[in-house]
Structures are given as C-alpha cells and as structure tokens.
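Next up: a single chain in structure tokens, the form predicted alone.
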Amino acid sequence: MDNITNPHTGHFIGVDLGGTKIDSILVDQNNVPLDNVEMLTCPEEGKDAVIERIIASINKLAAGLPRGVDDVRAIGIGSPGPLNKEKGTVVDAPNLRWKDVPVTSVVRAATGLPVYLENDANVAALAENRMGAGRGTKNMVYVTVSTGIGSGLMLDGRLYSGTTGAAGELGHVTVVPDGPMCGCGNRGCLESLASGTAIARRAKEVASRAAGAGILAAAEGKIEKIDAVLVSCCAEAGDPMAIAILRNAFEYLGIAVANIVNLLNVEMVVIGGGVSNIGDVLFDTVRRAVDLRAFPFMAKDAKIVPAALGVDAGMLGAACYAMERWSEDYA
C-alpha cells in the first residue's frame, strides 16, 4: 500500500548505511526514538543483498506498529557518497562496493513508502542541529573525523547540499600543496593529514625510529597493530612522539575549521566521529588554530564543541531528514 497521504500516524524510519553496519531507527512525529535495529552490511555479498537487509530492517521496525508499514510515512537513508539525490542513486561508495545503485527506487518498490536519500555526514549534521550539540543554532557546520573526514553544512537553518548535492567535502580541501597522497587522487587533502587513517600512517612511519619506540612497544612490536586509538593511548600516557603526531594532525584540522569560520561566519562547529573521542588535545588544538587564523570577531562567536549524539547521529538524522522532506512534499 502506498501511504503517501496516510493521515493516521506520524512514524518515520531512518537508515544509516555504512560499510560495516546498517543502523535503522523508528521515531514518532516528535522525533522520539521508539525502536532501533542493527544489521551487518556484508557488502561483499553484493548490492542486492545489502538492499534486502535495508528492507528487512525497515520491516522489522514497522512490525511493532499496529498497522505495520502502513503506520510509517517515509524513510530516510543516509549513505556515503557521492550521490544523485534526485534520482535516488548512490553514484560511488567504495566501502559498499557500489556504483550507480538506485537504492531509493528499490526500497520504495518494496515498501510503498516515500524514500529520501542524503549524504551520511549531512544527515548527522541535521541531527546534531535539531536535537544535539547544535540545537538552536542557525548556522552550524558538523565535521566528522574518523577513518576519513566529512562535513555537513547547516546554513540559515537548513541543510545546504550545493548544486549537485555534494557540498561539504571538507576532507578533500587542500591544506598542504604536494602533501601526502589522498585516496581521492589529490595530494595534501585534509583527510590525508588529519583523519584516523592519516594519524595511523604517520605513527607507523616513525615507529621504526628511536623517537617512535614507545608507540612500537605499545603495539607489541607489530607495526600493523598501530592505529589512531593506540596513538591516543600513548599520548595519554605522555609519549612525546604520540603527542606530537596528534597535535600536528589537529593543527591541520584547525586550519580547515578556521577557513570554515572565515568563509561561512558560523556560530558553531560541531566535531564528531571516532577520532573526536581523543578529546582535549583535539579541541584545544583546533580552538587555538581558529583563534590564530580566523578573523577575531568571527572566531569569538564560533563555538567549537564535541558532538552530542555519537553513533546514533546518522540514523536519527536520516529519520529527521525523512520527516522534513515528507512535510515539504506531502503535509
């Protein structure tokens, strides 16, 4: 049943599609979470199997409602990109092994519901703005720092996606000309200098030298065990090389954030993702860089804060995106 005009209930489902997990949530018309489901993505099994899991998670959440899927108004999907949102297509998502996959049309055909696709960092930005650390702000940027670096822009109270829906690729802003090679094919991108992957790479480079002996010892002599979490633990224990690696990475992040502040005059920059859990060394370094490099009158009004919603931001934001898009289209 196609329930585009169903007036009876106000439930929405948000799906956070990742390379490892599919996290889905059911919320009511007030964005109050009611239930959630987690499934493994298993992208190696192919796109059809992954989409079947998305549909299964939706059906499982809807099964708890009195009229099942007929009590759901719309579905939002947050996916890695780039995307073609108008066609509902994931253009290229290496972690999913997807190219030109029309995910929304398949999910809509299976459920009879409106399905809205948006970039995963963008829906996380929406969630932090509507119900998280940035609640009440009008101009806010969300930055996620983990394996890679992404961002979402909330401008004048609305999610800004750009001409083709690809705005917010902060991780691929050039910070150091002729710097390290980035996975996108460019050199010196922020992602190649300040992501968890970049931190791990730098630590592995120095681990075989005397200055990196502490990091190597923490990895039990196995360079392949070095990652950003281990570097963070070494820094907390006072290892000077680990501290230097983190400060260097977060100085580059601070430069990028200072550029955001100068360009957009935002009132808040919310930083999330796994690397943000490193804590004070990240936020203190970024704040100093912004104070040093941004115009003082703009830096003064730009708060740099940790995200509040953690790993739930993606699915909460996808549900919120579905609700707002459905309201624009059908309410």
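One rule holds for the numbers: they count along the sequence shown, beginning at 1. Just so it is clear, the model here is predicted, and its values are computed rather than measured.
In what follows, reference is made to the form predicted together with a further copy of the same chain, a form of this protein that is not presented.
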Consider Gly196 of the chain shown here, and say whether it contacts a further copy of the same chain in the model of the complex, taking contact as heavy atoms within 4.5 Å.
no
Can Gly214 be called a contact residue for a further copy of the same chain in the model of the complex at 4.5 Å between heavy atoms?
no
is_contact(Leu170, a further copy of the same chain) in the model of the complex, heavy atom dist at most 4.5 Å:
yes
Proximity of Ala49 to a further copy of the same chain in the model of the complex, heavy atoms at 4.5 Å
no
From Ile255, Ala219, Ala235, Ala133: within 4.5 Å of a further copy of the same chain in the model of the complex by heavy atoms is Ile255
Students should find that, of Asn262, Asn59, Asn31, Asn277, the residue having a non-hydrogen atom no more than 4.5 angstroms from a further copy of the same chain in the model of the complex is Asn262
Looking at 203-211, 110-118, 241-249, 148-156, which one sits within 4.5 Å of a further copy of the same chain in the model of the complex if you count heavy atoms only?
148-156
Can you list, in sequence order, the residues from 120-140 that come within 4.5 Å of a further copy of the same chain in the model of the complex, counting heavy atoms only?
Asn139
